[in-house]
Structure formats: C-alpha cells, structure tokens
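Here's a solo chain for you in structure tokens, the form predicted alone.
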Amino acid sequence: MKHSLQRLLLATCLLAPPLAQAQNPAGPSAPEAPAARPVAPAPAFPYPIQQKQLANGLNVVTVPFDSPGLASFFLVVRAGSRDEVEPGHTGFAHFFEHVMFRGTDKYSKEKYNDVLKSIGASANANTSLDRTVYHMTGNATMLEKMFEVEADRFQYLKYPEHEFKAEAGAVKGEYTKNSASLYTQLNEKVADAAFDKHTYEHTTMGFFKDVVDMPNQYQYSLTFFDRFYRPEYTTLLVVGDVKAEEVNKLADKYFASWKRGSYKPAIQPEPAQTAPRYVHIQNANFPPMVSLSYKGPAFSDQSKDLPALDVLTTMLFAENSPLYQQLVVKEQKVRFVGGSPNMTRDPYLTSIRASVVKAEDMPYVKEQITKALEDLKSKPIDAKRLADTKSALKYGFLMSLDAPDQIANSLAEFIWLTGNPESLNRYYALYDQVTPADIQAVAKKYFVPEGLTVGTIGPGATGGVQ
C-alpha cells in the first residue's frame, strides 16, 4: 500500500500545471510550440478493477492486491429495506442477513462453520437501505472452497418452518434491544415523518408490527428469497492475493448455472415536501438532542451535489470551524455537533445532530445551526480552506485502503449504488471540480425549511423548536 500511495502522489505531482514559461528569446514572430494535450487526472482508486459479467447477469469483480496469502470474498446483493414495497412485509432484507447462515442440504449450518474454520476464514453480513452484503476473508489458497460454499447457499438455501420461526424470533429480539436506544427511536420517527410514499419511510429493521408478525410469514420469506437472491441483483467481488483469470474461472464453475430472475420492485417516488415536520421524544433522563434532517439528492457520479454537500458539512462541523468553536468550545452549550449527507440510490436525507447540555438551549442551538447554513448561501467560503478540505477528504479515503476487506468495503458501496465499481473513480473526480459557488448552490438548493424534518429528545412535551 505504501508504494501504491507513493505512485499516486507522484502522478498527482506530475499532473500539476507547469510554471509560466520565460518569453521566447526569438521574439513574437517565432512559431509557438503546439499546446500540450490535457492529461486526465489520476484515478482516486489506486488498484486495477477487472470486471466480467456472466450470461446470467452476475457481475464478477476482481481487484488484485498485495496481501500475501489473504483474500476477501464479497457478495453484494442490491436489495435492502428500500425494496420492501409490500405493506406488512418490512424487515425481510435484514432477516435474510440472518437466515442465510442456516445452511443447505450439502452444507448444514454446522458444516458451513467447520469449512470456514478449516480455511481460516471469518464470515459475516450486514444490511442497509439499499443492499445486503455478505463477506468473508481468509486463506487465498482456499479460494475455490469459498466459491463452493457461497455459491451453494446463494442458490440452494434451505430452512424448515420451525427454523424460520426461531430466526424471526431472534430478529424481534434484536429489534427490541436496538429500540431501547433513544437514538434508534429518533431515527425511526424522523424517517417515518420525512417520507410518505417512498420505502425509505421505514428503517432497515422494519416496522415493529411487521417484525412481530414475521414468524407467520414463512411462505413470504421463500418468495422474497426467490425474487432477490438472483444473479442480476448480485455482484461477486474478490480482493487480495488473487488473479482475475482464476476468479473468473471459478465464477463460471460455481455460479454460471444460477438462474436469472425477472422481479422488479415498484418503488414509489416521494412527493415534494412543502413544510417543516417535527417529531419529539419526551425523556427527562437522556441528554437533550436536536436533529435537523433535510431532503437531499440521490447518489450520482455525474453531479457535484453530493461531493459539495460532503465538503460543506465537513467544513461546517470541523473542530476548528466557527460554529463548533462557538457552540462546543466557547459557549459550551453543546457536547457535540456534526452532520453529513447520505449516499443512497434514491433521494434521502442530509442529517445534522447536536447533543445539547441544557434542554432550554435547544431552540438557540437550532437557530445557530440554521444561521450558519444561511450564511453559506450568501458568503463564499475561503478558497484555500476549500482546497485543504477536499485534499483531506481524498487523502483520508486513500489511507483507508490498506487491507483486502477495507478495499472491498469501499468498492461495495459503489456497487450497490450503481452496479459498477468504476463509479468510485467518477465520483471522487467530482471533488476536484467543487468550487465556492457550488457550495453556495447546494446550500441554497437543499437547506430549505420546506425540506426539513426536525427531531428532538428532551424533558418537555415538545422540543420547543418550532
């Protein structure tokens, strides 16, 4: 990784514009040298991305990386809570994160775990709004065994109804445990209030009433698996001490017979919000909280809106920023304040949160945050600070790419957003193009009262911030 970073930084230096040339000693009548062709900037991702699509629609992505004897194997399923369109059936994308480890006829749960131990691998999964990701990291020389066991469960998962009910009960227990957190409760209330039609209205865990009823939905679970666990929804990603030829050969051997499906969820677009919305949790024994969630853009690797919002929020809430210094350091009215946009397939929320020391200061804190956002609309930000922030964000991304699983995680995000890992390079190239005018433009476009949902936690019957 160290050498790759050095090559990337060297390439960046070589691409810097040349110093102004001295005047031609031959005088103005001498012919000018032909203008140099502009050189494309170095890609943000410093490793080769090799792709092959099977006839059934499965995309196979290989990233060779210098990690002797180690490889990460990811299966990215572009199905999350966003795709749960039928009333009464939320939470199933997350449910499959659990039940996918229940086994098959060939590899029972216990035998699957024994195989993982034998190849020195660890396996897990996680679910979010737009995807479910299954991943393992282990001995690269045992790559074929990884292919075998993962292809088996993705095509031949089998669980009897009594095991389904047991897993559904475990999911309910997880929901109950998580919902003990007031932060989780606030997230649910904000999402439910901010969205009326789109499936982002419910969180990844699903609506509680649906989770309670899940043990009665065995037949529907089979339908969900049949719809989404198909090659056209899935990308196979291998990073580490591997070669693309080997990965593609194994993908053909173990996944080529996987049958393509035909289901496409009908996701309703969210109508435009026309006024601020408010939710509140009354609790006198919890630190007061103010949450400001503004409707934001869907992910795009062709628009500067998300990079500009990322830069804006990074600058606004940095520890050396005027707002942070005022609220946290000088006035000490806030324990922390921060926020960022979310990268999602459809328009979602840019969320800002502040943990307030005294509940009576919540209106003041909200006012100061919104004032800072208003200032960004009319006052151009400092060009040097903008350049430093963009550089820090890109450098931070590069420094995270130091292990196969971390590299795979970074690529997986762009796979579930667009289906194409090369989207990562297109997206990060946009950061270089963000200007002070772009920061003003996104502030004016997105930080507007009619797109705002305010969430509060405090001792009173209301948050007092209307």
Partner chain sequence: MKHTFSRLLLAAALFGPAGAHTAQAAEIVELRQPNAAKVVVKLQFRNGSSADPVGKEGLTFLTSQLVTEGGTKDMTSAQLKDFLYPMSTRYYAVTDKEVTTFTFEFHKDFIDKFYPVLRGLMLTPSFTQEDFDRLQSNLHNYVEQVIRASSDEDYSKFALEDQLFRGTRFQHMTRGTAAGVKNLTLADVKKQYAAAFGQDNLTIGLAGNYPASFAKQLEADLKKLPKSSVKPAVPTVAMPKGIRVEIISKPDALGSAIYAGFPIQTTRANDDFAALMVANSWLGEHRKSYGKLYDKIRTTRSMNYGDYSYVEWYEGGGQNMLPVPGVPRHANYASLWLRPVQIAEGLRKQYPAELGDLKVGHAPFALRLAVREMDNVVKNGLSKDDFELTRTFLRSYVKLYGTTPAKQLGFLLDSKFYGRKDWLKEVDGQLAKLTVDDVNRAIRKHWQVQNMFVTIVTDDSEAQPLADVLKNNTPSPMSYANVVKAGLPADVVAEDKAVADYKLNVTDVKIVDTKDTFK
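Numbering follows the first chain given and starts at 1. As the structure is a computational prediction, the values presented were derived from the model and not from experiment.
The following text describes the form predicted in complex with its partner chain, which does not appear among the structures shown.
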Answer with yes or no whether Pro215 is in contact with its partner chain in the predicted bound form, where contact means some heavy atom within 4.5 Å.
yes
Since only the chain is shown here, I'm wondering whether Thr223 would be in contact with its partner chain in the predicted bound form (any heavy atom pair within 4.5 Å).
no
Looking at the partner-bound form in the predicted bound form, is Lys330 within 4.5 Å of its partner chain by any heavy atom?
yes
Against its partner chain in the predicted bound form, would Lys109 count as a contact residue? Criterion: heavy atoms within 4.5 Å.
yes
Between Ser179, Asn187, Thr370, Thr199, only one gets a heavy atom within 4.5 angstroms of its partner chain in the predicted bound form; which residue is that?
Ser179
With the partner omitted here, the residue among Phe207, Tyr324, Trp258, Phe147 that in the predicted bound form has a heavy atom within 4.5 Å of its partner chain is Tyr324
Using a 4.5 Å heavy atom cut-off, indicate which stretch of 375-383, 161-169, 239-247, 84-92 touches its partner chain in the predicted bound form.
161-169
Indicate whether the candidate residues Leu116, Gly173 and Ala403 are all in contact with its partner chain in the predicted bound form, with contact defined as any heavy atom within 4.5 Å.
yes
Given a 4.5 Å distance limit between heavy atoms, list every residue of 289-328 close to its partner chain in the predicted bound form, or none if there are none.
Thr314, Met315, Ala318, Glu319, Asn320, Tyr324, Gln325, Val328
